[in-house]
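Take a look at this one chain, the form predicted on its own, written out in structure tokens.
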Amino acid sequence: MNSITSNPARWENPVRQSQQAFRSLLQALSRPCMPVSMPLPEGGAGSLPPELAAIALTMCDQDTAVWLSPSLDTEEVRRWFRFQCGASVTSSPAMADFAFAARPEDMPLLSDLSRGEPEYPDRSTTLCVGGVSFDREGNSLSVLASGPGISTSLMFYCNLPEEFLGRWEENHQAFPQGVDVFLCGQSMVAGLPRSTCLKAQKEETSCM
């Protein structure tokens, strides 16, 4: 009997905990690049990090298509999404409502995800990335974040690869279309909406 069958990741109190998780996600998007704590489910979901399982349990249902990074694309994780969320798994990132990557190095290219349509920019993919560290020491990415929800600007540290900045700038320039991102790790989530501007630490100017 595998871990999902015997003890699948799930809420002990589905109504209360899903509401708490939803509020954490809303707060993360409304205050970009400021990590907030979020409730985590009990049990396991294979190689799916608990923070990503929390997002899936809160946001995914039978009308949701999800894409899984290669390290997550196992029968165990697929089965968990089917039985715990009712969601279907797609092999095409552009067709996904939510894309899940276990680690920053597993992220798909933002350009491979759906940016929505000019008339319906909300029909874009939301990328959820696990294994993120928000500690200042030892992280590869130090950026100045500015935009809606940020008073003036703030410094943000995480272990995303440096090439992410160029990809994010292209995504940001596509606003109001574009991909939104949840960065997850250490029982926390940080929101990165498409309206947020990221600049390398050495650049001290902010933009809206």
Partner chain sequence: MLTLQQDSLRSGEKEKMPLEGYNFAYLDESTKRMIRRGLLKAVAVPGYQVPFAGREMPMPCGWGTGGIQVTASVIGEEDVLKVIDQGSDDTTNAVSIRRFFASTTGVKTTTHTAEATIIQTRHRIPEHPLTEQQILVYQVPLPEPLRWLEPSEKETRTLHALEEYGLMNVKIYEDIMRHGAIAMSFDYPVRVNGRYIMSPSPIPRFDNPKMHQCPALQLFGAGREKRLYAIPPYTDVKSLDFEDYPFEVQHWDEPCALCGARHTYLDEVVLDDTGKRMFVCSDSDACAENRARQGMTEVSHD
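Residue numbers count along the first chain shown, from 1. Keep in mind that this is a model prediction, so the values were computed, not measured.
From this point on, the text means the form predicted together with the partner chain, which you will not see here.
Looking at residue 98, you'd find a heavy atom of it within 4.5 angstroms of the partner chain in the model of the complex. Within 4.5 Å of some heavy atom of the partner chain in the model of the complex lies at least one heavy atom of residue 18. In the model of the complex, the partner chain lies farther than 4.5 Å from every heavy atom of residue 108. Looking at residue 182, you'd find a heavy atom of it within 4.5 angstroms of the partner chain in the model of the complex. In short, of 46-54, 27-35, 159-167, 66-74 it is 27-35 that has heavy atoms within 4.5 Å of the partner chain in the model of the complex. Contacts to the partner chain in the model of the complex (heavy atom within 4.5 Å) from stretch 116-132: 118, 119, 120, 121, 122, 124, 125, 126.
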